[in-house]
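A single chain comes next, written as structure tokens; it is the form predicted alone.
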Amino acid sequence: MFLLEKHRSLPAYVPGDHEEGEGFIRLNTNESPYPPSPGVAAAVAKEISKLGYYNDPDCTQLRRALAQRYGVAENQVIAANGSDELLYFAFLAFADSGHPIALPDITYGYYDLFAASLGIPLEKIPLREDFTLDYKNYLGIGKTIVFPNPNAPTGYAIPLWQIREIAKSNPQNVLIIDEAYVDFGAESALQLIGECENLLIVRTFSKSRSMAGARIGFGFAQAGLIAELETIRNAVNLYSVSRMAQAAGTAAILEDDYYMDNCRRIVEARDYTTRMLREQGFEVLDSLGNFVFAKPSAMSAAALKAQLRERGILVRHWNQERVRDYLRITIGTMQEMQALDAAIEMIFGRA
């Protein structure tokens, strides 16, 4: 009733089904199936008595821990309320109606929403027929560029030399690499920030570090680019990373071996799931994320999603051109993926 006219047609992000508690195996939201490390709970508990005080707006301890873990300077790190907030800050900082964004036609859906809310034109560059990204389409394009590496929902990644070529061919524009899934097998572009002043790497604690509910994101870039992002953060949402989230994130970095071991377990379960689905007649892309993108042959993807839900297993489906025949299946524990195997055998009448 009071919403400005320019906002009335904004699209809405449609998340996966949100079902908690017993009775559902959540393979639809790319969360980690493992709990946070023991030190996280202890660190959060210590902050409860301090909730009457504002949190550190500079996220000093968290940024210091991240800098030490990844071998960069503290002024090359920024923290935010989830990677989505950091991506929004980057869109706000580096793109507008006169500075469009280029991105793949099949990718993370929130990019579209950020652009729509900010009035940023998008150039959607089609992935190849096999869903791989052709880096040559981005060379010298003269636009802000964003894509996940590995991409979502396909799971494909491009090599570092191609990222370098994209960045160096667009020296006046920022290249945003969303590395939400990099810990599951892809190579990070972090080593390129020293030579590419226009490269921004965005990461999250939601996937490999078991804290989707804590909302912690972080980014790496040269100090000058980070300072520009801080200008936006200071103006928009200075205190966005809560006291509890900062404590949780710092503790998680200090117990990083626990999370990297969980990543290895997820990769093992992903390999098992890929083999299992292919044996069941699915077409499965070679994913480097904590999910697989799979096309069933015996029935439609939408029908299979519905039948799996009836058996308490949630998976993700989009009724959009090019991807409506596929399901994105998050990798859970090995036990959960074996339950998926059993359910698919029952559905296809092979049990």
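Numbers for residues come from their place in the sequence shown, where the first is 1. This one's a predicted model, so the numbers in the text were calculated from it and none came from an experiment.
There is also a form predicted in complex with a small molecule; it is not shown, and the following applies to it.
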Does at least one non-hydrogen atom of K168 fall within 4.5 angstroms of the small molecule in the predicted complex? no
Going by a heavy atom distance of 4.5 Å, is Y88 a contact of the small molecule in the predicted complex? no
Is K124 close to the small molecule in the predicted complex, meaning a heavy atom pair under 4.5 Å apart or at it? no
Report whether the minimum heavy atom distance between S83 and the small molecule in the predicted complex is within 4.5 Å. yes
Between Y138, Y156, Y181, F94, only one gets a heavy atom within 4.5 angstroms of the small molecule in the predicted complex; which residue is that? Y181
Which residue, R164, R265, R243, R215, has a heavy atom that falls within 4.5 Å of the small molecule in the predicted complex? R215
In the predicted complex, which of the stretches 130 to 138, 250 to 258, 146 to 154, 274 to 282 has residues with heavy atoms within 4.5 Å of the small molecule? 146 to 154
